[in-house]
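As structure tokens, one chain now follows by itself in the form predicted on its own.
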């Protein structure tokens, strides 16, 4: 267990957190609310009047002037240190902006490529000279940037990149040659974060200015969604890059790539929360206005179930995002902000929570997929028409499950990173898993039933979700050893068990914290949502656990473990129709997301 004064990544599986420990949206301060309003104002004033031109005429060139306008309003500076003209904001504030900018549609992709993955490599891994040269202009939008990692033959396997960097005879420049694919903002970027191999194997990052020469931009891709964002190939033909523009250490480019992807996943989770809320804002009022059989369609149970399920998924995703933001801010707060390596150490703190970043990416993007799917369905034929925003949201959201590492890759990362921490002695995961396995093989204790307290039953079920995840992962690790990496279906089921535990616990803790602040009546809606989330997660986890065990064990051992799993997932099913009705009523009254 961590000996630090803050929990580290993955540790939630092994310890019970107190509600007071977590950060929630109800904890936003006045400054954060002002920044949120600035983001809303930007979208209303700058994006909405051009929505048709951006989204339906596919005018990708608008990205450049809009990014400059966003820079003038401070919306590109949130992650840039104050000494370089930025805001140096905490992670909670960064997530607020990511969530709200998602409402801008295609521009959200351009904003993320600029303020996120295009700028952060220099923030975290640049030299002081590189930071001074580039960050002030990136923060204002004077320089527009792009992140060039993917290639035609390398996506998830980034280290298979074929772009080369060869030192010239004078030793002054590297000559870069290769092709980068699906590069956001490439059509107008002045600067590219490029990854290439020196001497055929030293995967290295470079800061490449378009003005260096040898940078050819391909045609804009014709995409299913996010049509207003620029996505092109970047072709490097003997592009001369000064040796002073090597980013980080030679041969250590993978540290940059993977850490920046972590941040990208986290931000994408926040953006997806914003997308869920937008879907509700567009769908719920329609269901109040549309009448069939003499009544508004949101008086019908199946429509109310859709509204409630989307609301619950959005609540759980939002709770995960801001809980994790709070964890990151606590970890980063332990650093000396005046130290010369503060920025680098900050990203290493983020790296400690790679597991949570991957979980959030998976859960939130799939919550947004549900929101778009159900939103279109609630509108019926109108949802299929461009006149209504849900048609675009339905197309746009699909890329989120591919961006920043596919959800399949992230599902492999979650258990893989947990086991790596266990093997390094950072988490006593396997010991805990063994203890739970022994518990499952033993005789169950009889506990006389009583009247449960506020969310007491849900808290017990969340604890059992953690046990289920630990048991499945531990048994798989024991059975397959170092060959577990080849058991992708088992790993994916284990990942989904871990994600369910984190999502439900995040919702539970947020609700408990709200009850402490506002009383049980003030947390009644959150409690209904938490009960729904936990009920559905336990039922789903019973299936996932059976699958993982059946793919891992056989014979008597399998039967014994399945009996233990049934004990862990045993519960009185929740009255879903009643929960749906109450949650939907709150969303209908609010005209969308009710928090």
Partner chain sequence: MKIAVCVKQVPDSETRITLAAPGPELDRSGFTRVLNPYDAYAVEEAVRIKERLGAGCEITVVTIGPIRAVETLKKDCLAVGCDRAIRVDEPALENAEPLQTAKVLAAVLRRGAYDLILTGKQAIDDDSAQVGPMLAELLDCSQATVVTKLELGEGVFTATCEIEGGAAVVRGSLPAVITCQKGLNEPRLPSLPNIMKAGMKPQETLTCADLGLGIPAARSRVTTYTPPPPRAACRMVAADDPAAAARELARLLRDEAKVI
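Everything quoted here is computed from the prediction, not taken from an experiment. Numbering follows the first chain given and starts at 1.
Keep in mind the form predicted together with the partner chain is missing from the figure; the text below concerns it.
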Do all of 31, 78 and 591 end up near the partner chain in the predicted bound form, with near meaning a heavy atom within 4.5 Å? yes
Using heavy atoms only and a 4.5 Å cut-off, determine which of 495, 523, 97, 261 is in contact with the partner chain in the predicted bound form. 97
In the predicted bound form, which of the listed residues (87, 217, 246, 344) lies with a heavy atom within 4.5 Å of the partner chain? 87
Pick from 45 to 53, 566 to 574, 551 to 559, 524 to 532: which stretch has a heavy atom within 4.5 Å of the partner chain in the predicted bound form? 45 to 53
Answer with yes or no whether residue 37 is in contact with the partner chain in the predicted bound form, where contact means some heavy atom within 4.5 Å. yes
Heavy atom to heavy atom, is residue 74 within 4.5 Å of the partner chain in the predicted bound form? yes
Does any part of residue 27 reach within 4.5 Å of the partner chain in the predicted bound form? Heavy atoms only, please. no
Even though the partner isn't displayed, in the predicted bound form is residue 539 close enough to the partner chain, meaning a heavy atom within 4.5 Å? no
